[in-house]
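Shown below, as structure tokens, is a lone chain in the form predicted alone; questions about how it binds or moves come after it.
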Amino acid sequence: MRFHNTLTRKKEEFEPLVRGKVNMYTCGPTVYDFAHIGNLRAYVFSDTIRRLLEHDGYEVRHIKNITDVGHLTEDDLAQGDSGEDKVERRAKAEKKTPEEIARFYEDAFHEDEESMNILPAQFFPRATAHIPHMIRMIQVLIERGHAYEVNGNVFYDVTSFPEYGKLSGNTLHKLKTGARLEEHPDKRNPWDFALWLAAPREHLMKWPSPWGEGYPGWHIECSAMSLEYLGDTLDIHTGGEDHIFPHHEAEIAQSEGTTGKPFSRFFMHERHILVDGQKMSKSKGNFYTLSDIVRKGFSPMDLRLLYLSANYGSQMNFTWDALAQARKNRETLFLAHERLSDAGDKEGQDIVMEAKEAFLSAMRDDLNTPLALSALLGSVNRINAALDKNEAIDTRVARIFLDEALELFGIRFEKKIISDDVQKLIARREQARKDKDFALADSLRDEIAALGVEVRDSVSAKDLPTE
């Protein structure tokens, strides 16, 4: 099994620190809003890694954190230690407590993961439940000369860690020669980042600390929680490409500055999603959540298969046409499985052996899901052709392969989801039929069919011609 390691910038043979066991950490959601389709791609990505590892016999301990404090609005600027707390800002806007906001969106996140058939992590630690762990870690960093306190704020001194920049390539030399930052009055260096921030009087979320009342920086949270649940060194750390800098770079500096040991042996990151070739944003009207997908008549499994049709390391372009093709592929897979089930166990030629080898080889080669999907669909075409010709094939072996492949892909069998919008169209069509407006009924049938739902009319006794 080989994975591309962001840390070394090359594909490497994967071997865990402890034989047969894998410690894996995934940066989870900041719970102030619903997860969008870009977030969900990252969680499907880490889930697919886990499924492959478990398929190959590894025992995976997977931790996915819940960020419910400390993630500030200007996380894409400088070191992510300026702006408002995202959870607190939403709480004020909705006139609720931060706790109410965090728990509502945390529940919504878990519902989305269940709908996407994402295996639940062994534990979802909340940042707010681990403030003492963060304070202890900050104290160690101060003692070891990696951090300093000014006016109740504690910053990490990036010049104290010579390897800073080894993940992202943003070394101090490059940062110093790049765009200048506005000087923070309490920082020794512009690129130092916050471990603890003094809380203004009106701040809703704050805790006592050796440096006064305040709240943790975003970066220290993952370091403290991963250390608590997975130990000094991780086998795999996953996230989106936006986490590489500054978040994961800061995690390395904090964790290795605390333990003196490598933080994670493998870093794996998935690329961002474009929507119709553009960056996703609410202002452009192309910002989609799972609910938007379902309202259009698609299944969460269609979205999952769409993700798997692109390599995680490439930028995926989401379009409704591409999602419709993913739905067709899913229905093709399900139909072949149903046909094999109906055929029962029959002996004959094993026609899936080569496809299975190609499928697993692709999955083990840096999670090449597009190639694996191609092998799977090719085998389904062979299965359907053999069944059409009534050829003697080993139906049991073929069915087991489909089960194995769908399990690895995380594609769950389910009834067709009919959205509220489609239900309304069906109701309008029924009314049109009652009104004998057959032209409208036919037009609505075509509109419904375009959304992936086939309407079959039953004939009642009153509709039969009389003699």
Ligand code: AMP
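For every residue, the number given is its place in the sequence shown, counted from 1. Keep in mind it's a predicted model, so treat the numbers as computed, not measured.
If you look for the form predicted together with adenosine monophosphate, you will not find it shown, but the lines that follow are about it.
Visitor: Even though adenosine monophosphate is not shown here, does it sit in the predicted complex so that Q139, P210 and P216 each have a heavy atom within 4.5 Å?
Guide: Answer is no for this spot.
Visitor: Find the only residue in E249, E270, E113, D235 having a heavy atom within 4.5 Å of adenosine monophosphate in the predicted complex.
Guide: Result of the distance check: E270.
Visitor: Which of I49, I66, A42, L402 has a heavy atom within 4.5 Å of adenosine monophosphate in the predicted complex?
Guide: None of the other options qualify; the answer is A42.
Visitor: Though only this chain appears here, would G297 touch adenosine monophosphate in the predicted complex if you measure heavy atom gaps against 4.5 Å?
Guide: Flag for G297 set to no.
Visitor: Indicate whether adenosine monophosphate has at least one heavy atom within 4.5 Å of a heavy atom of G38 in the predicted complex.
Guide: Yes, G38 sits close enough to adenosine monophosphate in the predicted complex that at least one of its heavy atoms falls within 4.5 Å.
Visitor: Indicate whether adenosine monophosphate has at least one heavy atom within 4.5 Å of a heavy atom of H146 in the predicted complex.
Guide: Output for H146 is no: heavy atoms all beyond 4.5 Å of adenosine monophosphate.
Visitor: Against adenosine monophosphate in the predicted complex, would H71 count as a contact residue? Criterion: heavy atoms within 4.5 Å.
Guide: Taking the distances in the predicted complex, the answer for H71 is yes, it comes within 4.5 Å of adenosine monophosphate.
Visitor: I need the one stretch from 317-325, 271-279, 118-126, 253-261 whose residues put non-hydrogen atoms within 4.5 angstroms of adenosine monophosphate in the predicted complex.
Guide: So the stretch in question is 271-279.
Visitor: Quick one: name the residues from 211-240 with any non-hydrogen atom within 4.5 angstroms of adenosine monophosphate in the predicted complex.
Guide: Result: G239, G240.
Visitor: Flagged pair K284/K296: C-alpha distance shifts by 3 angstroms or more in the predicted complex. Which direction, closer or farther?
Guide: Farther apart, which means the C-alphas of K284 and K296 are at least 3 Å more distant in the predicted complex.
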